[in-house]
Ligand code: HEC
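Only one chain comes next, encoded as structure tokens, the form predicted on its own.
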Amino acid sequence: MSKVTDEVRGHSFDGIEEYDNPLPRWWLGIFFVTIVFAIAYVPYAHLMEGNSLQDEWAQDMEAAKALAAKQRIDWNNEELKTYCTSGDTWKAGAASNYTTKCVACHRADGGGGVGPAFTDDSFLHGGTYKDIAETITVGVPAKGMIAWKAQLKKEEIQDLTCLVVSLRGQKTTTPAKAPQGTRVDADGNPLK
């Protein structure tokens, strides 16, 4: 440990005198070790052959793109339509997920709130089974709807799609939100 000498430097600021005591040797040792490390590290990290930080970043971005492509769900409109119209197996799971994840923005009766209504034939992002499934999957970040693919399984998104389609033409307990988007049928054909 450094010897404290309490030598006054000979000047004061606002009545405070400054002492000239040396820094502890252990602190100076750590300081000098960091300087030596930096002298060795900077050329290694930025100038040596091999993967530079930019190369590593590019590799990480490629890996992320590959993972995103692997996680992408390719929806088929006809398969979804067949699934939704072939029975009621989707209702139980869809009702539970709709209540916990969709009601806050679309109301329990589908009449719309923050989000659009499902009870009319107007859709902002396409009205086919595939369009609805993709909207649920990737969300609409610009409008505040999150992508549900990270929280819901493919089958749960499929069930929610069936529920949303089933709300078309339903009566609401209170007036529904005004129609938004383009009027289309479940096959994507424009309606007048």
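Position 1 is the first residue in the sequence shown; the rest follow in order. The structure presented is a predicted model; accordingly, all values stated were derived computationally and were not measured.
Keep in mind that the form predicted together with heme C (HEC) is missing from the display, and what follows is about it.
Participant: Any idea which of 141-149, 59-67, 23-31, 40-48 reaches within 4.5 Å of heme C (HEC) in the predicted bound form, heavy atoms considered?
Facilitator: Contact criterion met by 141-149 only.
Participant: Verify the flagged residues K91, A95 and C162 against heme C (HEC) in the predicted bound form: is each one within 4.5 Å by a non-hydrogen atom?
Facilitator: Answer is no for this spot.
Participant: Examine A108 and determine whether its closest non-hydrogen atom to heme C (HEC) in the predicted bound form is within 4.5 angstroms.
Facilitator: Answer no; every heavy atom of A108 is more than 4.5 Å from heme C (HEC) in the predicted bound form.
Participant: Spell out, yes or no, whether the shortest heavy atom distance between L80 and heme C (HEC) in the predicted bound form is within 4.5 Å.
Facilitator: The answer is no: L80 has no heavy atom within 4.5 Å of heme C (HEC).
Participant: Report yes if any heavy atom of V114 sits within 4.5 Å of a heavy atom of heme C (HEC) in the predicted bound form; otherwise report no.
Facilitator: Looking in the predicted bound form, residue contacts with heme C (HEC) include V114, since a heavy atom lies within 4.5 Å.
Participant: Are any of the heavy atoms in Q158 no more than 4.5 Å from a heavy atom of heme C (HEC) in the predicted bound form?
Facilitator: Answer no; every heavy atom of Q158 is more than 4.5 Å from heme C (HEC) in the predicted bound form.
Participant: Can you list, in sequence order, the residues from 103-127 that come within 4.5 Å of heme C (HEC) in the predicted bound form, counting heavy atoms only?
Facilitator: Contacts from 103-127: C105, H106, V114, G115, P116, F118, S122, F123, L124, H125, G126.
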